[in-house]
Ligand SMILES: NC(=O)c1ccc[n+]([C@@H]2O[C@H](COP(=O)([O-])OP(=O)(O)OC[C@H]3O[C@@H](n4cnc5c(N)ncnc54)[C@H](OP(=O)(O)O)[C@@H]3O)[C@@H](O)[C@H]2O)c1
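The chain below stands alone, shown as structure tokens; this is the form predicted on its own.
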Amino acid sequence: MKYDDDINLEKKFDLHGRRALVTGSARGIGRAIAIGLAEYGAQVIVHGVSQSEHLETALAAVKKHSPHSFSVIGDLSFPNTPNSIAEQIKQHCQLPDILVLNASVQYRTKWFEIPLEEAVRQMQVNFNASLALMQICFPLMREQRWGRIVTIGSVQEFRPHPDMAIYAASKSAQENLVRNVARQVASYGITVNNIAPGVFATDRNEEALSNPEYAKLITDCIPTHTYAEPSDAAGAALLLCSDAGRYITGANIVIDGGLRLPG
């Protein structure tokens, strides 16, 4: 067996020449991943529902590392938005060869009270839009024999919250899609993986975690007894989006401080 003594990790993580779309990257985990990919050389397409101060701030942070990066907008609860995002991208460059599907919506509702429109919107944003964007970006990835697709799931794939039944179900469906597609596209040099975050200190969780009693209840369930920061997801995303992770596909990388573990 021949061994390579020159691993050159810096080269394996290098993303210069790559184009990355990170959906839902105006804030939180998506923003951190977008900045992380830009730091390693990718041209990053920052996405938000609409023009906002948060989107502009995120893009400015990304452009410090990758000046040719730009933003696109679109509400993924509408079925045609993935096509609209693709057309916006084509005005600047080719479609992305790195696709990070982070955008999602969630509602806290008792399962027996969930209205149809609430269920449909969550499935549209969290699952249908992911599938559509994967389908849009796949032909270019296949043609160039290189591509990276990363979906952002949730620890609720393992521990569904009793008041977020549809959100948990949508994330489980997305992870199942990852495993299905990963096997079918591997021969083209395309990897497809899922990252499942636990409790992260993001805007989405700020209100709930500001309640000391609720916050203690949550941290008592986490073996590390602390929340994650958005940047804690960036390293895993970088690995999966680079040549350093070329042999990882169909995987589910859980970043939850051990929350999913029995105990």
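Note that residue numbering begins at 1 and tracks the sequence as displayed. Quantities reported herein were computed from a predicted structural model and do not represent experimental measurements.
What follows is about the form predicted in complex with this ligand, which we do not show.
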- Do heavy atoms from each of 28, 76 and 171 fall within 4.5 Å of this ligand in the predicted complex? yes
- Task: Find the only residue in 190, 152, 137, 178 having a heavy atom within 4.5 Å of this ligand in the predicted complex.
- Result: 152
- Interface residue in the predicted complex among 119, 105, 141, 95, criterion: non-hydrogen atom within 4.5 angstroms of this ligand: 105
- One stretch from 217-225, 234-242, 46-54, 59-67 that, in the predicted complex, holds residues within 4.5 Å of this ligand by heavy atom: 46-54
- Do residue 40 and this ligand share at least one heavy atom pair within 4.5 Å in the predicted complex? no
- Query: Is there a heavy atom of residue 229 lying 4.5 Å or less from a heavy atom of this ligand in the predicted complex?
  - Reply: no
- With a 4.5 Å heavy atom cut-off, would you call residue 36 a contact of this ligand in the predicted complex? no
- Query: Taking heavy atoms only, is residue 125 within 4.5 angstroms of this ligand in the predicted complex?
  - Reply: yes
- So which residues in 232-255, when you check this ligand in the predicted complex, have a heavy atom no farther than 4.5 Å from it? none
